[in-house]
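The chain that follows stands alone, in the form predicted on its own, written as structure tokens.
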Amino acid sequence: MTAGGEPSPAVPPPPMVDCAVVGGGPVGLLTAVLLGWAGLRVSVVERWPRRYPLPRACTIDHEALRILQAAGLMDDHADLFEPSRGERGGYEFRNGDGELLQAIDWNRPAESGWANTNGFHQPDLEAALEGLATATPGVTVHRGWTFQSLTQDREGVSVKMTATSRPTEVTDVRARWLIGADGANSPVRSQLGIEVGDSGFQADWLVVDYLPLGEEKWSAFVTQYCDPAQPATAVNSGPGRRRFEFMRRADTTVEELARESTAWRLMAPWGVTPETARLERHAVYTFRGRWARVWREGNVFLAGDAAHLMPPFLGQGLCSGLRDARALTWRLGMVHRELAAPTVLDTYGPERTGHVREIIDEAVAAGRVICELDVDRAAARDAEMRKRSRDPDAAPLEPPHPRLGEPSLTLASRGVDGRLAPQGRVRVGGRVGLFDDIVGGGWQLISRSGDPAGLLDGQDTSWFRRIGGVIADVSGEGPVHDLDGTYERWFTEHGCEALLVRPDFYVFAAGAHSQIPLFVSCLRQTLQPTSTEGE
């Protein structure tokens, strides 16, 4: 270890592991933690010798926080996240005159037990995740090692890496699986020759992070200034921090946009000056919507920005990467422990592609609204948005709630399957907290109409417990009490009495209480299609 607590770049990864993770950002680190908890030997290799110290991603949603909760991070680090609050919805569209055109309800009650939207400082999150990874048995983190090439066969992957600062120093790693969480320009994806789909959206934006030196008052967590003279975004980027983003106009070069003086000039109308703020970072990014056509080649998988890129207008880039990590790791963990057949890995890519494509499409649609530079078209857009916002019958806009893509590892359940399941506060005996912490966060079998175990035979109950399943009766008659009515509301809304939830918090099946044996039987056959009743 170095004096700063980071793994020394002189120490190569071990020659044999269960899984090699290329990329030591939040997605790669979370992946390693979750796999380590599942009993795998995991090595993370990251080409940079030190963590990047400046902001990048800055918003994270409730589902992503539930995933971090599953990794054990929220117990000590919930203060890293600043929730969006307020009556106006948290996400506003305003025109060039500052008039409110429309709002998205980012402050709505969320399914996952955490605030719907939160700001955070990525270096702090990465430090917490790296500390968690290095403390997880079986996990090692190796900074200063660069992925060079891979070959694979039916049994696994052989990986060649070099020391970033000493390219002649080569090490070889043999792994059963490899996960490329190595960013938008992923060398792993490139080596596999995987094609990338493109939404056709592209725009250069200046991203400016600053620390206010005094109190600032903003009407929303995020404000999109749909001003054809200068499209801009203002966002709360974590405790004590703010961010502005400014689109590059055709009369401005990338070099001009990237200047510090340009950042100060563009922020001045909001009173952000060298006297009122300290500039932390300014950089030009090209916002795009892209996705890998294939997320798996043999024993190699893609996750995070290596698998998808999206414009940041909905704050879903990192959230989608953390979903990838959770969706992939529960599958790999079960296959590793021989609790599931390798066929369960086949649905990872299709499920995640369908899910993320919907978010990319919505982010691109928001971007086209915000990036409009034609004055007449912008005026027509403003009029239409103004009309919708004043329509009392119009449903309030909400963040996207995509279903998993197909084919999915679910059981058809009147449209509820493949959608995000709830997490509420519960009481069990003298313990009060979120369901995953108090009851369990793996496979969840929950009913509001009695004890699910009462309908299962001993063999199914034993099998379900063996795969990490928990069983809960939230009717009020059992030991698990639904303190805020979270589960009762969900069951009522969806016309269900029972649900079976996957470890990534998506519904495997839902329906009548009497269908519980069917849910478990179908799950068993899905995970272990060659199993027999005698096993």
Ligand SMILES: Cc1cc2nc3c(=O)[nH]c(=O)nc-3n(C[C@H](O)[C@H](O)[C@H](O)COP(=O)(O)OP(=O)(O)OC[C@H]3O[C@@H](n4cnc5c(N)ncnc54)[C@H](O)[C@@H]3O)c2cc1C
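This one's a predicted model, so the numbers in the text were calculated from it and none came from an experiment. So that there is no doubt, residue numbering starts at 1 and follows the sequence shown.
The protein also exists as the form predicted in complex with the named molecule; that form is not presented, and the subsequent description refers to it.
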{"query": "The named molecule in the predicted complex: contacted by all of Val22, Val27 and Phe147, heavy atom 4.5 Å", "finding": "yes"}
{"query": "4.5 Å heavy atom contact, His481 and the named molecule in the predicted complex", "finding": "no"}
{"query": "4.5 angstroms heavy atom contact with the named molecule in the predicted complex for Gln423", "finding": "no"}
{"query": "Contact test in the predicted complex: Arg41 vs the named molecule, heavy atoms, 4.5 Å", "finding": "no"}
{"query": "4.5 angstroms heavy atom contact with the named molecule in the predicted complex for Gln224", "finding": "no"}
{"query": "Sole residue of Asp382, Glu130, Asp305, Glu351 within 4.5 Å of the named molecule in the predicted complex, by heavy atom", "finding": "Asp305"}
{"query": "The unique member of Ile67, Cys58, Cys496, Ala472 whose heavy atoms fall within 4.5 Å of the named molecule in the predicted complex", "finding": "Cys58"}
{"query": "Options 473-481, 44-52, 503-511, 487-495; stretch whose heavy atom lies within 4.5 Å of the named molecule in the predicted complex", "finding": "44-52"}
{"query": "Interface residues of 313-331 toward the named molecule, as seen in the predicted complex [heavy atoms, 4.5 Å]", "finding": "Gly315, Gln316, Gly317, Leu318, Cys319"}
